Ligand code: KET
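This document opens with one chain alone, in structure tokens, the form predicted on its own.
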Amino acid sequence: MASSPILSLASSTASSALPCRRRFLHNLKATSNQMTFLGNDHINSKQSFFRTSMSVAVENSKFTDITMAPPDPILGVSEAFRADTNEMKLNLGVGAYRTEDLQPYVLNVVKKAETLMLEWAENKEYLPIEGLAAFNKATAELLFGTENPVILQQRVATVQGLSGTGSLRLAAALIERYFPSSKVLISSPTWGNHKNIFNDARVPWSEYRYYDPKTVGLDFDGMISDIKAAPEGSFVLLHGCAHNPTGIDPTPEQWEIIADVIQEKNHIPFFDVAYQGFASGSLDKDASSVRMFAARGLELLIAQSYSKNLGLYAERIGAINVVCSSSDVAHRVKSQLKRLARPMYSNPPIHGARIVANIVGNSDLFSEWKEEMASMAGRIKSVRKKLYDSLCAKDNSGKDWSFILKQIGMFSFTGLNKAQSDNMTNKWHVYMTKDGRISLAGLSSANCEYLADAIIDSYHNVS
């Protein structure tokens, strides 16, 4: 039975004088009474209609063909670690520095720089597309040295990027647009995100041999052979120091030979520098490979990150540098990098850039940073040595574990295969990537013997 128009009008007129909240409640009650009067069959019919409509809407989703993405191989390790309730569990998957108590660490020098920034009360206006000028100057000088000819001659195009990943992605976009027929050579193995970056930028890539599982060392002959065999003018992606995931770096003599071959083949070196100062404890030593290539007069690309050496993981601060043959070329390259960045993210964040610029630009803070970096690198070296000593003391098989000491940086390639790595997690609650890589930054001296037991068991008792 339909309600009377007169009753509805009267109800509306009577309620119009009520305050807004009371009017809403009054109308809600009236509607409820009407629905009760109409009976349950009408209500059930309406509910059924709504459910059917919603079901049809879901089933006819325009996104039905989108499949579930696989979990990230590194971030997924942390998720599994958090779900584990075993008190002996170790997270050696993610490359983030931890103290001896296995707690996240904010550098004291970063805290001081942020305190100064608060005192200066700087604004939060947009940065230019290329980023903070003081940061760009500081980061290029840190990489090459203030007196390097490429700096003095203004031959470096530097653009602030979204940490290492964003800087690599911007460089990949430059390659895709201006070197469309070129290929990027990537080490086998390499950091897991490298392939994703070039795939997303539609830049073709292939691998060159790097790791020798028989020696758990560098396959230098294979590396040189593959770089020689690559099409002329290829981009060769190199890890400036502390190769991720293996921790295996070429010697200074081998770097010279690599540069010779790249120069002969007219290739373009492309460095990923994620650990400057964090690997050896020396900013200059960890940049020596890049500086050697620049000293030869080669044009090259270098992506930088401050996630590790300043602990600025969440600030996403880094840069892409392109060393060019002249200042004029550098100026033009920078203009195109800015053009590529504009539709990607418009302009970069300011907070992390100010931290870096203030630390590098202040002699006291800069000295303190170098001391803290040396301390962090020293702790990682210490647990690396303790792990090696524990393996040697516990393993009576005669296996040579010295390869662990020959590696550098926060990662160690244990030589364990996937099945053995699974045993590390399933039996020993040690979380790591399936390629056998562990992050020594997530290890304490107190846990070295436990980890040694896990590695020995997995290596000898699992095929």
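None of the values given here were measured: they were computed from a predicted structure. Numbering starts at 1 and follows the sequence shown.
What comes next is about the form predicted in complex with the ligand, which is not displayed.
This chain is displayed without the ligand, yet in the predicted complex the stretch 94-102 from 384-392, 94-102, 126-134, 108-116 comes within 4.5 Å of it by heavy atoms.
For the residues Asn321, Ser307, Ser234, Thr246, the 4.5 Å heavy atom test against the ligand in the predicted complex is passed only by Ser307.
A heavy atom within 4.5 Å of the ligand in the predicted complex is found for one listed residue only; from Lys338, Arg354, Lys183, Arg316, this is Arg316. The closest non-hydrogen atom of Val290 lies beyond 4.5 Å of the ligand in the predicted complex. Within this chain, Phe198 is remote from the site of the ligand in the predicted complex, having no heavy atom within 4.5 Å. Contact annotation for Ala171: none of its heavy atoms lies within 4.5 Å of the ligand in the predicted complex. Asp286 falls outside the set of residues with a heavy atom inside 4.5 Å of the ligand in the predicted complex. Along 425-453, a single residue, Arg437, places a heavy atom within 4.5 Å of the ligand in the predicted complex.
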